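In structure tokens, one chain follows: the form predicted alone.
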């Protein structure tokens, strides 16, 4: 485990997508941080069905949360970006009902499992923030179910691209009009319940229409409003979110 970066030097906290810490909160969080962990792309952060006595905040890099069937088929439940909390469900359950895999090399802030109980005992304002994050995660899953259940393939891919673009911008990843996009077509297919072939055709259709391009590991939106119209995705800007 790496030497932890002091919370006062966190690169995410100054970003407008995150709530500023209230008085005393940063020191409280820093005292409960036990280390910092690096995980290589493709490696597991949390094992599906396993137990983990730690909770993580994704400081840098991308990961994804998934569930799989015995024959190896996999459903990606959510793409995780910097600032997302990982492993909260293990605090309430004996074993993780899902796994988390690093999509790129990632850096994680590590907290002991009992951090959650300390938050609820000692810091009610932070406890409300933690509850908000859990509710926000549930809403993201609700949106994913809506896409898989009711959107067409074109609408699903368009909605995912808009969603990830917005989240990447909020995490400070916008550079030269584009954001990183480390997902392969197989990842997109596993997220949206499509075949890789159908995913490829849909991405090509969006590219030819000048709406979006994912070439070279970057996501460029040629027409954000047009892509939203295709996706029927008109969600209001999210409020700044808490950061642990």
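These numbers come from a predicted model, not from an experiment. Positions refer to the first chain, counted from 1.
The same protein also has a form predicted together with another copy of the chain, omitted here; what follows describes it.
Although the partner is absent here, residue 67 sits close enough that one of its heavy atoms falls within 4.5 Å of another copy of the chain in the predicted bound form.
For residue 128, a non-hydrogen atom is located within 4.5 Å of another copy of the chain in the predicted bound form, even though that partner is not displayed.
Contact check for residue 194: a heavy atom falls within 4.5 Å of another copy of the chain in the predicted bound form. In the predicted bound form, residue 142 approaches another copy of the chain with a heavy atom inside 4.5 Å. Using a 4.5 Å cut-off to another copy of the chain in the predicted bound form, not one of 11, 13 and 62 places a heavy atom inside that distance. Contacts between 128 to 151 and another copy of the chain, taken as any heavy atom within 4.5 Å in the predicted bound form, involve 128, 131, 132, 134, 135, 136, 137, 138, 139, 141, 142, 143, 144, 145, 146, 148, 149, 150, 151.
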